[in-house]
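Quick setup: one chain, the form predicted alone, written in structure tokens, and binding and motion questions come after.
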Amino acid sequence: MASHTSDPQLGLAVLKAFLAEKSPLGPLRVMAERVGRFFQVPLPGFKPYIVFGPEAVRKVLITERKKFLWRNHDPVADLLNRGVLVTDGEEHDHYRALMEPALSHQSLPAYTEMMCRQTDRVSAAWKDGETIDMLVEGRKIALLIIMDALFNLDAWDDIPKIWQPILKTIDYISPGPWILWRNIPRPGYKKHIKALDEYLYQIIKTRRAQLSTSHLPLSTDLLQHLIDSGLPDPIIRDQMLTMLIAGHDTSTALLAWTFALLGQHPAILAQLTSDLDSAPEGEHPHLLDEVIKESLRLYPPIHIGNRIMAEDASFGEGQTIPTHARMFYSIFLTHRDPQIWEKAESFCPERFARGRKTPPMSYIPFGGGPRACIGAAFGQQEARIVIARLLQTFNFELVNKKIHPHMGATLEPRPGVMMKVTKK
């Protein structure tokens, strides 16, 4: 049997943690500390199993992965339809094979100049001494980069038009009352999702029209690969929306959390800035990678994996998850497990300088196995380039010290990352 909050004292501790942190992350931590790496949440109408730790993660992502289905009956599947993120088996493999070339390691150098340029376009609007929100500004940068890289589209003039539809679409798939009541009325989303759909379909239509009048390949971007494969427009839309939402929202969270953590640790910020200023042109200091890795450890943008059981799976004696049950594997808890990580709750980039000596599958910010994040290399390069560019151009000082993680589609810093920027 799974352990849960039938113990009144444990239930009280869970409630206190929720009230204190205003997030399910607090209760999850309490359950992990008191119960262990396998437990069940006993909410009315919602009793998912939670697992974490290297052994469980390896089972879910690699050794028994076919028992854990990605496609759920939730708003994510409703929104993305046949997107690569929410399909299984051969269908998923087909879409992924079509999309991987645009995000391969070989394609990354071609994006460097563009990433710098888009970063500069956003930061050029910052006034010297102004306080900006890196959650908002990071999203602008990430949107411009993903649209340019995947669809060969300059979205600068489109941002005001698509900003609200994108935020509402992200909110639509974020945790909410629908978890307990699947068919709860959700007014206010349809028109925004429709607006985003129309925007994407227009991009497809424009590209097809360009192809009809040209005898030469227009691009080698993701959109072109999808069109060349012969996929119908609705399926292309599904892949575009998947990559647009997943690709930019994860980068937004990573950028925002990295600046939040650097702002909270000014000595590390000063050292990184100094290292960047003295680094040879085109090179990044080791500390930059260490900071990014540690940010991803503490606040992985995709902090939890959601699955439906295709068949029973055992996680130890008396710890079986039955067929059709909902299961989550927690990246957040795995990354903060004190049995694995020394000073697990502390921001210590130097832990990655010594070389990672933790068990395999204990650090999984991009998942793992055959379905590891398709944009992992792209996202890490983007973070390196954007953070370096900004720190070489501006000085940053964190204004709001109290920041908490919010469980949305990604793990976001709320109420934002307010930083005073001064030009160098």
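Only a predicted model underlies this, so the values are computations on that prediction, with no experimental measurement involved. Residue positions are given as counts along the sequence shown, with the first one as 1.
The discussion below concerns the form predicted in complex with a small molecule, not included here.
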* **Residues Leu296, Ala372 and Phe378 all lining the small molecule in the predicted bound form, heavy atom within 4.5 Å** => yes
* **Segment assignment from 275-283, 71-79, 242-250, 165-173: heavy atom within 4.5 Å of the small molecule in the predicted bound form** => 242-250
* To do: Give a yes or no for Gly367: in the predicted bound form, does one of its heavy atoms lie within 4.5 Å of a heavy atom belonging to the small molecule?
  => yes
* Applying a 4.5 Å heavy atom distance criterion, does His265 contact the small molecule in the predicted bound form? -> no
* To do: Indicate whether the small molecule has at least one heavy atom within 4.5 Å of a heavy atom of Ile50 in the predicted bound form.
  => no
* Asked: Does the small molecule come within 4.5 Å of any heavy atom of Thr220 in the predicted bound form?
  -> no
* Structure fact -> the small molecule in the predicted bound form has a heavy atom of only one listed residue within 4.5 Å, and of Ile203, Val84, Met327, Cys348 that residue is Val84
* To do: Let me know the one among Leu254, Val291, Leu144, Ala260 whose heavy atoms come within 4.5 Å of the small molecule in the predicted bound form, would you?
  => Leu254
